[in-house]
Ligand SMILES: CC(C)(COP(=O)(O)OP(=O)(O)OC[C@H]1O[C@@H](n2cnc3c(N)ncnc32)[C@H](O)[C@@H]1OP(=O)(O)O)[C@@H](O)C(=O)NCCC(=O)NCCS
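One chain is shown next in structure tokens, namely the form predicted on its own.
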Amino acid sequence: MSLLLGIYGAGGCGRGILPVASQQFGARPDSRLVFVDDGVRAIEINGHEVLSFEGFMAVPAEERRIALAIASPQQRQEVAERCLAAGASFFEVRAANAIVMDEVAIGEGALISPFVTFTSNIRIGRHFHANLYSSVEHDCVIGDYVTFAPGVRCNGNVHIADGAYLGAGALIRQGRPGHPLRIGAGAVVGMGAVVTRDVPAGATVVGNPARLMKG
């Protein structure tokens, strides 16, 4: 059986996650791991072949799966819909040293980088990105297409809606049982922001404490 695995996106996100996928699947002699990117002219990056999406779908394979290494939640969702329409399925990339404790449910297509920690009683949607050294504490609910940049610290009892982006080093204050701190759909939390209250859908917050960015 031949297994074709594609990392969609040969930018920084893809180049950071492909070595993790290589460690995860490299022991399988039947697997082939490539970049998929329509905007790159190179035929090889970091020793791995680069294919267009059309080229990836045309390669003969008994099983074909793809992981979406695109940092933007909105763009990631658009590409996921394109992949589904073409009949491609998805796979999870998870670093061997990621820590996953009790009762953690993670949807399909997650990219979990090295040194990421999930504690207990956590529910996460599809195509989640957990970058280096980020963490999710107990009793959190995270939607689809959410991105954690490196070093995000999400404390317990936090609900994050679909398509939110949390910048590097962001810190999310703990909510309370029955009264979680909420970050709305499509919200952006700036790099290093300290979130102490709910963030409305579509809003951008920055600073310590995090405040709405105007204009």
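Numbers for residues come from their place in the sequence shown, where the first is 1. Since we're looking at a predicted model, the values are computed, not measured.
Not pictured, yet referred to below: the form predicted in complex with the ligand.
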**Message:** Contact check in the model of the complex: Leu3, Ala27 and Ala61 versus the ligand, with a cutoff of 4.5 Å between any heavy atoms. Do all three pass?
**Reply:** no
**Request:** Choose from 45 to 53, 32 to 40, 175 to 183, 161 to 169 the stretch whose residues reach within 4.5 Å of the ligand in the model of the complex, heavy atoms counted.
**Result:** 161 to 169
**Asked** How about Met191: is it within 4.5 Å of the ligand in the model of the complex, going by heavy atoms?
**Response** yes
**Asked** Looking at the partner-bound form in the model of the complex, is Pro200 within 4.5 Å of the ligand by any heavy atom?
**Response** no
**Message:** in the model of the complex, is there a heavy atom of the ligand that lies within 4.5 Å of any heavy atom of Ala149, even though the partner is absent here?
**Reply:** yes
**Prompt:** Can any non-hydrogen atom of Asn131 be found within 4.5 angstroms of the ligand in the model of the complex?
**Reply:** yes
**Fill in**
Checked 194 to 211 against the ligand in the model of the complex; residues with a heavy atom within 4.5 Å, sequence order, are Thr204, Val206, Gly207
